[in-house]
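Take a look at this single chain, the form predicted on its own, given in structure tokens.
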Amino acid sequence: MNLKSPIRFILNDQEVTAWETPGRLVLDYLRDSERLTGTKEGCKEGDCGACTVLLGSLDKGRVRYVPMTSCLIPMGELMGKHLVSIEGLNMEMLSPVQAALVDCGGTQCGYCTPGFVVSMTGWLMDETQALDAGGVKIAISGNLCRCTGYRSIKEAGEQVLDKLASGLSGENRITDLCQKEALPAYFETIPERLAALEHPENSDFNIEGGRPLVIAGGTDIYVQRGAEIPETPVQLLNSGDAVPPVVEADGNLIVDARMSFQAFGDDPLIQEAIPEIQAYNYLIASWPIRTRATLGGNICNASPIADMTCLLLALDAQLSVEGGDEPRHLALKDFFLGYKQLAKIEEEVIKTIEFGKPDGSTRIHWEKVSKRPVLDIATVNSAARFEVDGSFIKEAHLALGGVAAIPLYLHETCQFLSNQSLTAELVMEAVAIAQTEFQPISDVRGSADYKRLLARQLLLALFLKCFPEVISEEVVYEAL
């Protein structure tokens, strides 16, 4: 079976039609086919950032660029887009980002340097990113360096701020950067060129015969099955139309399951509903991974420690599923049947995720413990949503991850807490009930006893955050 299809896009400053299998990795294409070896292969799991590129998509006449690790991007997603490798940022003289890394000693062996340059440049191009020291940390959150200790790299970011920040508008940073010779001038021509780019007729990559492998963000499946995917028929959920924003209907928020973590955290309706979502996102994954990972993929991967799934469980999310005999709806808390076992057939795909819009009577919080403070797999995570009237709990929804074979919704604890006036004594009793709802096992992230202790502490942290007027750290310490 010939899986190759024509994929038309712009690579740096050149229009390209690549005959490739849609599932082939962009990293392999850049290095092996185009010989653009500035993009480095490191972990090939999305963790190190050495292969970071920028992917630009046309949006209402503008091109929006996001950093992504090319080891997780299938070639089929490049259709009609602008792919920028480190070579596409080079000019006759060093850019301000490149010069700052030189001036501050931000490179030693140099293997990670292209990824840092691409990530920092992408940060400068994105009007939604803050131009401050916190923004520098977000910009390099997906890049690892074994040499420098990061201090010199962060200093390079601050030097870039000193040189460029005052001259960058909130409307079109790309134009400003081109004028300041911080970007090659060709970037200003990309919107027109993408708009004029004709797509091949078979750009949907439909392959007759056999069941295609469904890929959304690819952040897990490429790690598990990366060697076989290039020669496998694939269905790329994010190769077509842009994912729409969150919508509100009948008091509910409806989310396209293809939405990335980053888009979810940036959505105005989500920020209104969950004011701390950006802080949660920072702890869940790096910026390049957040631009790839999807909500539906996080759910269907069914990892017991899936961070976003834990939050969605606490939000009492409902799923709409299509692909079987007829569309159907089911609660997320009923979706996990056992370890990596789902209440769906193989042909079915999650289309939307829906949950009640929080209001002034809603209290939400999410907590996580991991070996690294940020960007790491959870040892245990937890989340809660309470519907309250003062200190009276009308509804309680609590979830834990890392303590069972599935992302765990605490049915008995939620039932116990609902329709009760909250007291410190009630909290301690609820935590005791929760401890009876799971039997953790020991693994590489911690012993069963450690996980049980973490679960208790994280549940208490949820109550401390959501009900500071009722329960305090002093009361908890005394009770323990």
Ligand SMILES: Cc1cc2nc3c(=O)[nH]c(=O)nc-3n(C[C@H](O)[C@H](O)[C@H](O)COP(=O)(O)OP(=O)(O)OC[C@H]3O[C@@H](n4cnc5c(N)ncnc54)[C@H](O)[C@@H]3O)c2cc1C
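The numbering used is simple: start at 1 and walk along the sequence shown. Just so it is clear, the model here is predicted, and its values are computed rather than measured.
Although it is not shown, the form predicted together with the named molecule is what the next lines describe.
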For this session: Mind telling me which stretch in 389-397, 221-229, 80-88, 94-102 gets its heavy atoms within 4.5 Å of the named molecule in the predicted complex?
Result: 221-229
Exercise. Just one of I364, A257, I277, I140 has a heavy atom within 4.5 angstroms of the named molecule in the predicted complex, so which one?
Worked result: A257
Exercise. From the list L410, M120, V403, I284, which entry has a heavy atom within 4.5 Å of the named molecule in the predicted complex?
Worked result: I284
For this session: Indicate whether the candidate residues D267, D316 and A384 are all in contact with the named molecule in the predicted complex, with contact defined as any heavy atom within 4.5 Å.
Result: no
Problem set entry | R193: touches the named molecule in the predicted complex, heavy atom cutoff 4.5 angstroms | no
Exercise. At the 4.5 Å heavy atom threshold, is Q262 in contact with the named molecule in the predicted complex?
Worked result: no
Problem set entry | Distance check, P67 to the named molecule in the predicted complex, heavy atom within 4.5 Å | no
For this session: Report whether the minimum heavy atom distance between Q129 and the named molecule in the predicted complex is within 4.5 Å.
Result: no
Problem set entry | Heavy atom within 4.5 Å of the named molecule in the predicted complex - qualifying residues of 376-409 | D376, I377
